[in-house]
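Given next, in structure tokens, is a single chain: the form predicted on its own.
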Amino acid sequence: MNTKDHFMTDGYEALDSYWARTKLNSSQTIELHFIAVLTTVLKLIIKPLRFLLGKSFDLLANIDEDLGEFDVLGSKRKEEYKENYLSQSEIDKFINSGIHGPFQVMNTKEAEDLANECDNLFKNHFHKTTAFGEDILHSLKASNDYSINYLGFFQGSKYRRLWDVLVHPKLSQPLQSLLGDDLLCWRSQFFEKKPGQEGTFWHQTGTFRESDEKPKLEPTNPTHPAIVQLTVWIALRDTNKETGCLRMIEGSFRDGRFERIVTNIQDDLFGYLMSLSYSEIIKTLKTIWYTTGNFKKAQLIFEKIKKTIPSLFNDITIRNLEMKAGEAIIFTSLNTHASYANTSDDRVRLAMAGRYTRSDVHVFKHESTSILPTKSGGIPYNINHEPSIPVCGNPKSPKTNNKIAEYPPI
């Protein structure tokens, strides 16, 4: 392992080690080995037929190594409009790195007050305004994954205090400079990391397919995948390397191979499994079926990519995004990013994130349900009732007819 590879994996437990200490129940184990045996037998028959039909699985299919730079979609600049809009030099930096900030959105006391308010909302289970059903909540509690990270999904459209931060001019105006004037926040969520909690592994996403069959976002006009949506990440408490700050590979939006490989595997999981050894099939299915969230899956793909394309992460610049409470960053989620583990003794990292896109991008066009990966398997939940927050301009586009939230009563 070279120095750069070590730097990217330092602080993350290897999957083999994770599965050595994480046991499945007997029914899960039986199911895994049954599918692995079946796949091993069938690939002796089906794999040659797929080859003859020209349908062999290709991990690197449809991969464009260089997506190129994007053009920002907004025209308002600080030089003309003043206030919180971005200057041309800030725009140029963003086009090069895919990151703007950190910059201050609220002062330290305001951030701490909001953090405490969010803690209280979670303690009250967000007054049962969660998008998840009892089956998901039960699974999260059973695996000790019940946290604000999950209950906090989409809560920005339900509470005024959260809504007001997500549409604040200190956020909306820089976003206008980058995305345009008609904007909505299609998802809000929280990122809490308690002492001793592991980091989130390197991942990349343009249209947020995640664990679903189709992407959650679909532009109606040709759009560079790096600028389909932008993420705003707001530190509600100080975040540094010790408490688990964000890490980002600057400018990595130009290379979409990481996400493309994930998509290839999702589109033909059986074909992918037939390309693996028996032990790799077991490891892959365990990670896909029985881990919560998508970060272990990202680690699985990373391990595969490093064997297939050893040079993928050569010559990169990794930036540690340490931030004070009340500061925010804007970034394209197609930038490959991760976070450190929280190695502090008693400090909880807490951040709120908003996902922003243009009104001419379809939100949840293909699906009325989404899948949440849990340790008892993927469980569907209804996203048809989760509206987007109107941020500025005219977020209701006739091209998309996205569902738009009303200002909450509390």
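Note that the coordinates shown come from a computational prediction; the quantities given were computed from them, not determined experimentally. In this text, residue numbers run from 1 along the sequence as written.
As for the form predicted in complex with a small molecule, it is not shown, yet the points below apply to it.
Residues placing heavy atoms within 4.5 Å of the small molecule in the predicted bound form fall in a single listed stretch, namely 226-234, out of 226-234, 249-257, 277-285, 319-327. For the residues Y150, Y290, F331, F122, the 4.5 Å heavy atom test against the small molecule in the predicted bound form is passed only by F331. Contact check for S157: no non-hydrogen atom falls within 4.5 Å of the small molecule in the predicted bound form. Contact annotation for R358: none of its heavy atoms lies within 4.5 Å of the small molecule in the predicted bound form. Contact check for F191: a non-hydrogen atom falls within 4.5 Å of the small molecule in the predicted bound form. Interface membership of K296, defined by any non-hydrogen atom within 4.5 Å of the small molecule in the predicted bound form, is ruled out.
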